[in-house]
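A single chain, nothing else alongside it, follows as structure tokens in the form predicted alone.
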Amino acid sequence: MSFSSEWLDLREKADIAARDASVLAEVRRFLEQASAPVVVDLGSGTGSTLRAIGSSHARWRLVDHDPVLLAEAARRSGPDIETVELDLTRTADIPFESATLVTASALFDLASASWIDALADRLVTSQTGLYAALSYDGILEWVPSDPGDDAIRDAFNAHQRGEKSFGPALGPDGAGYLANAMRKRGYNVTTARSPWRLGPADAELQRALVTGIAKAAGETGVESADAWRARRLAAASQLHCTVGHLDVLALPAPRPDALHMPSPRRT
């Protein structure tokens, strides 16, 4: 799948506001403690995750299959970043060399169980950390409510579990599956809710969101999707919307031998 830079720009402010602050602070501490950290950002788009973390200490490697988005990321981020054009379904080819942390935003709800397991195995092999933010978790609510909201949400969630290039997507269950996969592999895992909370000031984003959700719901066979979309678009300047996400931070557990190493002698 690919997303336009216009959509990514439209959602970036909401994404930054939604990221769980305590998880983001832990990510920054983890990078600050590394002597020469390298961050590999999967599905990087125009570099939103880099801008959200804001670490000048780290060297960034942005990986995406869209050369147009990578070129825009390079333009915005400067000459010090590395960009890699790659089909992310090829997990064995993702360039993890020297990586301290792998990041991704709004990606794991599109992934299949087999893709997540393959990625998790590679992370364990290299003992690399993972920060996966803003995976959709199935929560979709509007105030005021509409009689069609529940049917549209259920249809959209079903659509999210369809084929998204990585195999049958886990959709709203993706982040939870990822967290469990990393725990099973011995990682220390933290999860936190990171919902979008949109109001009338976000009417443009809400209109784009409603249009995309209605299109997906219609593709599942919901005949009322167009009528629901028309009602929601007409009311966009008065709506409040919550879109649920989950942030996952998975860090390698300290090796037992490292926990018992003697302190260096002072001379």
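Note that residue numbering follows the sequence shown and begins at 1. What you are looking at is a predicted structure, and each value in this text was computed from that prediction instead of being measured.
From this point on, the text means the form predicted together with a small molecule, which you will not see here.
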*asked:* Can you work out whether residue 196 and the small molecule are in contact in the predicted bound form, taking contact to mean some heavy atom pair no more than 4.5 Å apart?
replied: no
_Residue-level question: is residue 48 within 4.5 Å of the small molecule in the predicted bound form, judged on heavy atoms?_
yes
_the small molecule contact in the predicted bound form: residue 156, any heavy atom under 4.5 Å_ = no
*Are any of the heavy atoms in residue 86 no more than 4.5 Å from a heavy atom of the small molecule in the predicted bound form?*
yes
*Pick from 28, 207, 65, 59: which has a non-hydrogen atom within 4.5 Å of the small molecule in the predicted bound form?*
65
*Within 4.5 Å of the small molecule in the predicted bound form, heavy atoms considered, which of 119, 107, 182, 99?*
107
_Options 188-196, 142-150, 73-81, 163-171; stretch whose heavy atom lies within 4.5 Å of the small molecule in the predicted bound form_ = 163-171
